[in-house]
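What follows is a single chain, given as structure tokens, in the form predicted on its own.
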């Protein structure tokens, strides 16, 4: 596996691969890699000849009061992890590479679809999905991959990326969980020992909803025993709007706080 930090070096390698007729798979990350990330890389390798992984903690998706400065940065461990994965090339850009001249992002483009950025996680993090979309579009422009892989755990993010990017096939990857059902996330590192024991209750509650053993009101009451609830919603999985007679697949979506750590999870049914 090779590692590059400049766009020129990255594109030199990519152009050589393309000249050889190789397809490019891409997995964008913010580092703090775990088995969930490795599953995305495995899927990318099954769908492309070469796999590029980026590591970039994107400042535009963090608000001033959030954890940008303390977000886990484990670059040495990440590179060790990637060296034994299916990764062919790791790209570690600087903020000035990604956002030359403080590259502006025009939110007016989404005026008719603004609700997608303001519901669910967007209620408490109204900046977040604009920042995510900005960095994904920029990385797609730089890497020009044939396919890119994103996890289902960040379902609203996945929905927005699918809808507002073009020219790249987006592949959805299933949630990877630990032995107790907790969805793997870099922020799980924030949990203390006792919180790690409590955290799997989130998935257990969502599972009971999916099995129709709990209604929404009862599920909220159960979640509030263990967590501070941000939201619990049951929506049309294809539109992220309320369920209608045309709904074929539903999304059970939840975000909670456990101590100071925000956890999100979902189950897609249908």
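Quick caveat: nothing in here was measured; it's all calculated off a predicted structure. Residue numbers count along the first chain shown, from 1.
In what follows, reference is made to the form predicted together with a small molecule, a form of this protein that is not presented.
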item	value
In the predicted complex, the one of 82, 132, 160, 121 near the small molecule [non-hydrogen atom within 4.5 angstroms]	132
The single option of 30, 38, 234, 220 touching the small molecule in the predicted complex, heavy atom within 4.5 Å	30
Triple contact flag 12, 17 and 141 to the small molecule in the predicted complex, non-hydrogen atom at 4.5 angstroms	no
Which of 173 to 181, 190 to 198, 133 to 141, 104 to 112 sits within 4.5 Å of the small molecule in the predicted complex, heavy atom basis	133 to 141
The small molecule contact at residue 47 in the predicted complex, heavy atom, 4.5 Å	no
Residue 239, heavy atom within 4.5 angstroms of the small molecule in the predicted complex	no
In the predicted complex, residue 97 touching the small molecule (heavy atom, 4.5 Å)	no
Residue contact check: residue 91 to the small molecule in the predicted complex, 4.5 Å heavy atom	no
